[in-house]
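Just the one chain here, laid out as structure tokens, in the form predicted alone.
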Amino acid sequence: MTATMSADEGQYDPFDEFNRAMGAGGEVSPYPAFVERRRTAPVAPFDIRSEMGVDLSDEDLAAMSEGQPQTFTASTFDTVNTVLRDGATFSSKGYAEVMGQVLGHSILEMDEPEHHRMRALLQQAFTRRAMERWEPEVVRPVVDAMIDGFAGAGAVDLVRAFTFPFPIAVFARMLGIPDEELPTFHRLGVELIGVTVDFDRAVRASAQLAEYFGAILEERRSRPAEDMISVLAQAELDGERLTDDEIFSFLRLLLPAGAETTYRSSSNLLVGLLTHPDQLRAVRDDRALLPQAIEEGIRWEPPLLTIFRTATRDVELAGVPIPEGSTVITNLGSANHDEARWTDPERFDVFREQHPHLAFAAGPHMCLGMHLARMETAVAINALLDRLPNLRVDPAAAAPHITGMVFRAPPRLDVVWDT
């Protein structure tokens, strides 16, 4: 195999550009505004000014909305859950318009029965047996190698040094991508999901990734290895196999759906633990608490606040008429803070009574890689607690905060430990 990925010269940072476009910056949390919305308007017309922090005049807003389908936001647990579980009424096809141009025809935009067939084929790459092999052979070595790079320093920004790069390194190792090509691979992945920021860059990144994956896939079809591309190349259901384009689309999708969200969710969990030292100490002393800490972290601060669906017929949701063709934005973050389901939901509390949350969505499109994300996060947190004694927030640095109006994560997480 001779495929390589060329580096992009210059100072362009797609990560920072993407974060800015997605409402990152500042310390203002969107959650207080969700409280009143859940109480008075669980389903309401979408207002980009309040929901994305965009400064627009009434005239500019009207011009932007002209000719566009009506858009509504669902904010309570029940309304969001209803939308996500009813794929016949609330379709995923709307993702084809933007993301389809860079991902290809992916499972993200599919409805039944096509979605069911594709999910059954792709799920063969996420078996329990695969997880049991990936943890010791891929995830732990990647995590340990990254911690090796800063363990002796006594202080570090955990986001840039660890939580940001480790999930993409895991994914690359699963695909058989050489370590020296990781920086370029990560850049292409972030450029890909920044399609609304720089469309041309996203299209170029998509083409370059397909070319690279194509060379690997051709080799794996003839000489299978112990990696995810080999599993996808051999996956079969009722005599059907995945085409090259279907595999390319799924591999592109794994970049935002897997690596990007895992980096954000693990970063958010660390903020929760490090800013609540008593809970951090409890988890450090009793690792049996870690699974519920992971669930609480992703409930408290999911990496992605919203996903959307398209109404396939006229329907009523929480008493609000939704015309056919309308866009319905499901606010996962607000749903996960619903007072009707959780007591004092704004509080991070690893000891709270566990209830299923919606951070991984629900219904037919529930996250395919959620078990992998949980496993990666558990390995990462365990390793940090084992190898960085008395890990704590750096008192000399700015206090950590989580930012973003759509994608949520801390821009920095400065920590110190005993060496």
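Remember, predicted model here, so these are calculated numbers, not experimental data. From 1 onward, residues are counted along the sequence shown.
A second form of this protein, the form predicted in complex with a small molecule, is not displayed here; the remarks below concern that form.
A heavy atom within 4.5 Å of the small molecule in the model of the complex is found for exactly one of 307, 146, 210, 99: 307.
Of the candidates 108, 177, 138, 322, 108 is the one whose heavy atoms come within 4.5 Å of the small molecule in the model of the complex; the others do not. In the model of the complex, no residue of the candidate spot (156, 398 and 400) has a heavy atom lying within 4.5 Å of the small molecule. Look at 342-350, 256-264, 70-78, 198-206: in the model of the complex, residues with non-hydrogen atoms within 4.5 angstroms of the small molecule sit in 256-264. Among heavy atoms of residue 365, some come within 4.5 Å of the small molecule in the model of the complex. Residue 332 belongs to the set of residues with a heavy atom inside 4.5 Å of the small molecule in the model of the complex. Taking the partner from the other structure, the small molecule in the model of the complex has a heavy atom within 4.5 Å of a heavy atom of residue 369. Using a 4.5 angstroms limit between non-hydrogen atoms, residue 250 touches the small molecule in the model of the complex.
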